[in-house]
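In structure tokens, one chain follows: the form predicted on its own.
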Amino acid sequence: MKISVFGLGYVGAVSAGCLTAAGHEVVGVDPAAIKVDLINDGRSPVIEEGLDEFIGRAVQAGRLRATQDVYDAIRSTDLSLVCVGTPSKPNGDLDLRHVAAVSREVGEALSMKNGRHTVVIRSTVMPGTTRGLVIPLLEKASGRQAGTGFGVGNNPEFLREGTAVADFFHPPKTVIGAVDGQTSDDIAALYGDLPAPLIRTSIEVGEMVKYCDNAWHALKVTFANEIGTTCKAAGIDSHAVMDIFCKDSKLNLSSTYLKPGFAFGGSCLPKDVRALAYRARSLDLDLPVLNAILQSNERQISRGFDLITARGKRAVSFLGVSFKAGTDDLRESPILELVERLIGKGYDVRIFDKNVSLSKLVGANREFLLKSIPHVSSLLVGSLDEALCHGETIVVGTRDPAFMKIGERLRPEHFLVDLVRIEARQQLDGRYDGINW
């Protein structure tokens, strides 16, 4: 393919050099003459192992050159990668001046070019940037419409400094967001048969994935450091602890617990996080991440309360009240906390959970339920039909299989608040709200 790369900083230079090594022809574009000259001399403008060799060979073979002329680059190529910087403003927001400037310049060049051209945002930008900023600027400057007059897509990079060349050829994934199928195919053709999952998605999901990745990486570093701080203060070998922690690929280093949903509860997580935070305080340690876990969890309960009360309907039925489907464990159940708050505000609540029966509960479960809601026996109903008959707002609280297609049984006057992401949510247009979707 014939590709232009806008921005010859770290991402742009690595992308340009590696794409030429894959057999593509590349024109690099940058307003800085020194970067253009370095490329044309066969040298990398950034320090990255192996990149100088790729760039030198590509320039010598005539597959790579650089220019400051946007019109020349657009005229000479079929696809443009926008790799300009998006630094932080003093308030933390992104500075999108470079993205906006390139979008205008590329749009102006497109107005004088015949034939199809594809514009791909590889810069890290917040969701909504491509549709809200890039596409309008391209359309205004070119006089064409995205999707028909030119293609627009998003292709986030997952390059680590120091290992970027290896990461380019062995990425964890290739993510493509696009306005149309042809654009998606054009972007996919850049990478040939790279050994990585190729994921086609919406532009907005593509934009958000990079932020999700980086926030998770930052959280992992911080979590490990706070555990290390606690271990050192307690005289424990932190690396021994984390070595064992990392051997668990079923729960710890896996997709388990990483789907957005409602708050956690049960007999273990709240108690043990609380105890760890207390121990840290007793050791005079300031651990903001560990201390924020329970606070953040409580915010999810408050968000659930707001979703329910926003409807203005006083009759509420809960489908599932235990902290997890398939159990009768009510200890620190966030659903039970929601019920308690609603009763305190005068809501008329009913609960259906086939696993929860006051006559069958024993020990800590029975004690916790009677302590939380002493008159709970009057709230429990014996069938799903009873719950649906009572409630105007129906709250799905657990992933019981009987609740997954509850949308098919709702009446027109029902509103569904979904805390677990049921299968039938698309059928309830205007009568549905989810906790995190």
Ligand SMILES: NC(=O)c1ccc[n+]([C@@H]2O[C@H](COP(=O)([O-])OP(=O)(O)OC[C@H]3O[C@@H](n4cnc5c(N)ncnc54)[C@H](O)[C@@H]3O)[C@@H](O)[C@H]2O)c1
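The shown structure was predicted, so the numbers you read here are calculated from the model rather than taken from an experiment. One-based numbering along the sequence shown.
Another form exists, predicted together with the named molecule; not displayed. Remarks below refer to it.
Partner contacts here mean any heavy atom within 4.5 Å of the named molecule in the predicted bound form, and among 152-160, 219-227, 171-179, 345-353 they occur only in 152-160. 85 is the sole member of 261, 85, 127, 266 with a non-hydrogen atom within 4.5 Å of the named molecule in the predicted bound form.
Checked against the named molecule in the predicted bound form, the residues 138, 74, 102, 187 give one hit for a heavy atom within 4.5 Å, which is 102. Taking the partner from the other structure, the named molecule in the predicted bound form has no heavy atom within 4.5 Å of any heavy atom of residue 415. Put simply, residue 35 is close to the named molecule in the predicted bound form: some heavy atom of it is within 4.5 Å.
Residue 56 falls outside the set of residues with a heavy atom inside 4.5 Å of the named molecule in the predicted bound form. With a 4.5 Å cutoff on heavy atoms, residue 11 counts as touching the named molecule in the predicted bound form.
Site residues 29, 98 and 210 are all in contact with the named molecule in the predicted bound form, judged by any heavy atom within 4.5 Å.
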